[in-house]
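Single chain ahead, by itself, as structure tokens, in the form predicted alone.
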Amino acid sequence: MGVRGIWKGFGGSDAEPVRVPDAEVAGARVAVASDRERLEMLDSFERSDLAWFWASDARGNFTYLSAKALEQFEAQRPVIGEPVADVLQAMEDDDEHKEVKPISYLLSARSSFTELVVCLKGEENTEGGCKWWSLTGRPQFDKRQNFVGYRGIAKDITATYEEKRKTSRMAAFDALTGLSNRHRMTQRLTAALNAYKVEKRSCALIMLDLDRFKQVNDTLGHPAGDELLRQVSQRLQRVAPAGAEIGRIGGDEFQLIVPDLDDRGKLGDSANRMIQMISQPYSIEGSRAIIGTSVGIAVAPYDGIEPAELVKAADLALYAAKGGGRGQFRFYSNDLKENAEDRREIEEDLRDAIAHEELVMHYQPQVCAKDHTVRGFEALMRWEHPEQGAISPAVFIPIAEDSNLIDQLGRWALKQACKDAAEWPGDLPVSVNVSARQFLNEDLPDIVHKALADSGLPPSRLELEITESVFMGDIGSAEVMFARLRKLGVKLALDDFGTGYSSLAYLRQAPFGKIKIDQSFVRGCAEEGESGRAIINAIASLARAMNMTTTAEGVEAMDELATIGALDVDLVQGFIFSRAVSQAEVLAKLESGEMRYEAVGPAKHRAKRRTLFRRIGVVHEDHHYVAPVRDLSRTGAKIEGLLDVPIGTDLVLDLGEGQIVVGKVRRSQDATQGIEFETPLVSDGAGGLCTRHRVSPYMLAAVGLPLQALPSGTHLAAAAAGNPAPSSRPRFIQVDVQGGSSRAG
């Protein structure tokens, strides 16, 4: 076609130049150029490479492209005669996230477009990378107004566009991991939740926080910490749910947005996979590092509709997961707000308790497995709150770790345990737990030395119990600390062996004199087919070969004690002999001269059943009842309070917060029914159970459930407004199983 054809497309003519009178503009005489002169100017413009011309026919095929533009394609690639849509591809704007129509659609619409950003298809992997053009086009029609194609201008914008993309990416993505940053994740979450509002779609938000990352960062250095974060991001991308947007929102915090997923069974499975994957060992600059992660999950619309609301819910769930022992996941629930407030109050009160010396040390005996004589005591911290009573260490120790109070507690525990043990007659040792955070403190040997010096306790009578988590960072630093502690003359014990990343390297590298076998292996070890017995025997044999003693923790039943006694275990610790008791009781026992403890406990270990007692809603036909529920399991529950419900009756249980369970009565006696669930419950991450899905009350109303019968204030009551009244009398009589009264409906 040539530039002459392009000129005709823009309204020009092939005719010889025609002389026209000169025009006067603002008092000056200006010569009007001829068509030939205009064509020459277009030729000159095209050769200047400032921009190129292009043209297509009515079918959307290229009929012309400037020579300079053709040079951008591979030499053998045909362009003229090919569909424009097969050669160029329109690109969306990364900043705006707007959907861009394909070129084929734009051409078929026969409307003008300006500065459309396109890339050259098939050129992405060539030397120099992708090439970008700015495309402007105008539809052309003949005298009869028949569409004949497009004419337009193209311009190479590769350099400026790549710079723009780079700048945009820096603003939206984390430079270290390549994941979305906080700003982009906020945008994406807002877009996803807006989609829910319009299309009634769900969206899950998963928050992750790395456990022990600071320890690795402090011991191996920040470059190693950066490398660890990169490896974590790679692992997350491998195990994240399909379609999830992953972001690093700062430090060691990550976030996943999972659109269209509200199945808490699948979300819990995904959380467990992420926890397991992230917790595997890392190799960083020749060092071995192990971290963990805690996960919090919130789901829109049930836990929030606005971005800030959902983020807060997921954050509270994450906080609960960390408080529950780390390496766990939690779903958001309404009671987490109260729990967070309780934790803040406990933290404040704990500061006061330390200042006012409200904490005390109790001591649990460690008894010889053969003759049941006492061989030492473990120091365990106790806190009697002036208003709330006894608060478990399982509650306040994690809070102390999160609030930087653990060092103060650890210092006090060492001082008090040494002081108390120095008063015991004989040479019985005392064991004191040392947290991983305390172990990292370079002042620990000095703190231990001062506690020994102030109390007068010989170093050989102090045993420090240390968990495997101290090996999660720099092994070299751990070895230096072990050497400094051993130089003091104290003993070292490896606590909770078998529950973490147990490795023979720990035992070879660290100067432990004792291994404590975790109670999880002791539980039920006497039962047929249980693997606990074999594990205990293996650990005991290993310890014996390495000249170490062993202690089995958490022994409670006589059958457990008999099993442990038949194995090569040295010491036993647990409720079967004694709970942790006060210093006064220890002194009374020792001063009596009776060094033997009698075993007192149940004959056999009994697995603890999760007994739940709370009131739930029960819907049958047109009526709503309230009944206590007990013994909730994955597949069923026992309810009380409805008289003479026939076997086979279908009931709907409202467990609260949108959790609706359909069940059938399988057993019924008087006011007690055994319900089998149509769909099994799933783990809530906290040792409890929840439904896979939650249901909006308005959806329940739409399918005709009798929500008008719900009591005022329940989460379904709002949906009842406007529903017709019950059309029949209640079938069952509701009984108050506590008070003995009864009522119908």
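Just so it is clear, the structure is predicted and the values come from calculations on it, not from any experiment. One rule holds for the numbers: they count along the sequence shown, beginning at 1.
Beyond the structure shown, there is the form predicted together with a small molecule, which is absent from this document and is the topic of what follows.
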property	result
Partner proximity in the predicted bound form: residue 674 to the small molecule, non-hydrogen atom cutoff 4.5 Å	no
Interface membership of residue 382, the small molecule in the predicted bound form, 4.5 Å heavy atom rule	yes
Residue 289 within 4.5 Å of the small molecule in the predicted bound form, heavy atoms	no
Proximity of residue 519 to the small molecule in the predicted bound form, heavy atoms at 4.5 Å	yes
The small molecule in the predicted bound form: contacting segment from 209-217, 195-203, 344-352, 405-413, heavy atom within 4.5 Å	405-413
Residue among 468, 420, 465, 654 with a heavy atom within 4.5 Å of the small molecule in the predicted bound form	465
Of 361, 316, 619, 275, the one that lies within 4.5 Å of the small molecule in the predicted bound form (heavy atoms)	361
